[in-house]
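Coming up is one lone chain in structure tokens, specifically the form predicted alone.
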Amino acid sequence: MSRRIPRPKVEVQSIRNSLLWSLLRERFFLGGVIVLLIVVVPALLAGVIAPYKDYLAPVGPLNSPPSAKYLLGTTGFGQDVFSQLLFGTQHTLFVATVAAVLATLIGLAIGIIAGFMGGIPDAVLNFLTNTFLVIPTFTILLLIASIVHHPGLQLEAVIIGAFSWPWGARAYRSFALNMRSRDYVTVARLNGMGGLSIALTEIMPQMLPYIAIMLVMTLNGALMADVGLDAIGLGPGNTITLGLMIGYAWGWGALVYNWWWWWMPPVVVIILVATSLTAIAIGMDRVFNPRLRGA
């Protein structure tokens, strides 16, 4: 009868509680979360608080500046900018979030398999990752978006997510390479656990803080990719996003005629979201990274 080898005792729960408490006291993280909530909550409530639910319909005079009736003015087509901003923020965040989650899942699967298994699987997946890294991602996105004429929000998210995983995969591979020689992984092997089981139960939990940081950074990148595609007219054609608002304002001369209320609100929202996500990632890194902890 075989005897199972006991795992080294690690006070995982107390460590996690300590890190969580440190995270809640981290100024960068808290500041980023507060700013992000200020933007996200109204966007999620767009269907309730937007003055005009049909954000593409003309509702007032053309190019009207902000007023009591139109809080952020109207576009060159008489559409309410405030309503478009709320729904546009909601749609842009949807695309960026789905793309970031998809990219994280792909990168996580490839990184862990490559780093944990080593050998031929590592060589093949590492080659695939490096190949994608040297391909100009935004150029590929431009090519695909131009072929798929005016993709929907869901398809646009899948397209962005499918090409946003390589940096994450490389980072997860490095982490898995480091983890596979740890004592508790060796004990798990000696106890007969399979590779998938070890990856899910022994390695993944140790990577959660790192995965969270990478997810936030990927979300920021997906946001910029979505805004870029939409602003140059390769995004969805039957809805509104922050990038589409900028693209329409640019295309119809808002910058030339100084109709600032048309293009400035989406630009401000994009800056706020990108800055808040960066602050959140910095705060998480300062807490989770042992080299920066206490700096």
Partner chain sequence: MYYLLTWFVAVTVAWIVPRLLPYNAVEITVSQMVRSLTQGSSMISPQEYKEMVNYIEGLFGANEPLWLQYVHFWEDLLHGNLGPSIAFFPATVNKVIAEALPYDLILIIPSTVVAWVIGNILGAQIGYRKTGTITDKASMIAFVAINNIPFFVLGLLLILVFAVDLHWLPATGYTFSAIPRLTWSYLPIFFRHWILPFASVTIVSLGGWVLGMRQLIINEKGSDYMNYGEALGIRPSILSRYAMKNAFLPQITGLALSLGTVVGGSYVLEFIFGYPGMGYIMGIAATDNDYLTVAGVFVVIATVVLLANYIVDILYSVLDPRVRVAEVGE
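None of these values were measured; they are calculated from a predicted model. Positions refer to the first chain, counted from 1.
Although not depicted, the form predicted in complex with its partner chain is the subject of the following passage.
Proximity to its partner chain in the model of the complex, defined as a heavy atom within 4.5 Å, singles out one entry of 211, 155, 187, 109, which is 155. The candidate spot formed by 44, 48 and 160 lies out of contact with its partner chain in the model of the complex, as no residue has a heavy atom within 4.5 Å of it. Shown alone here, residue 23 lies farther than 4.5 Å from its partner chain in the model of the complex, counting heavy atoms only. At the 4.5 Å threshold, heavy atoms of residue 282 reach its partner chain in the model of the complex. Within this chain, residue 200 is remote from the site of its partner chain in the model of the complex, having no heavy atom within 4.5 Å. Remark: residue 228 counts among the residues lining its partner chain in the model of the complex, judged by a heavy atom distance of 4.5 Å or less. From the list 176-184, 113-121, 76-84, 216-224, the contact stretch for its partner chain in the model of the complex under a 4.5 Å heavy atom rule is 216-224. In the model of the complex, 127, 130, 131, 132, 133, 134, 135, 136, 138, 139, 140, 142, 143, 144, 145, 146, 147, 148, 149 are the residues of 124-150 with at least one heavy atom within 4.5 Å of its partner chain, listed from first to last.
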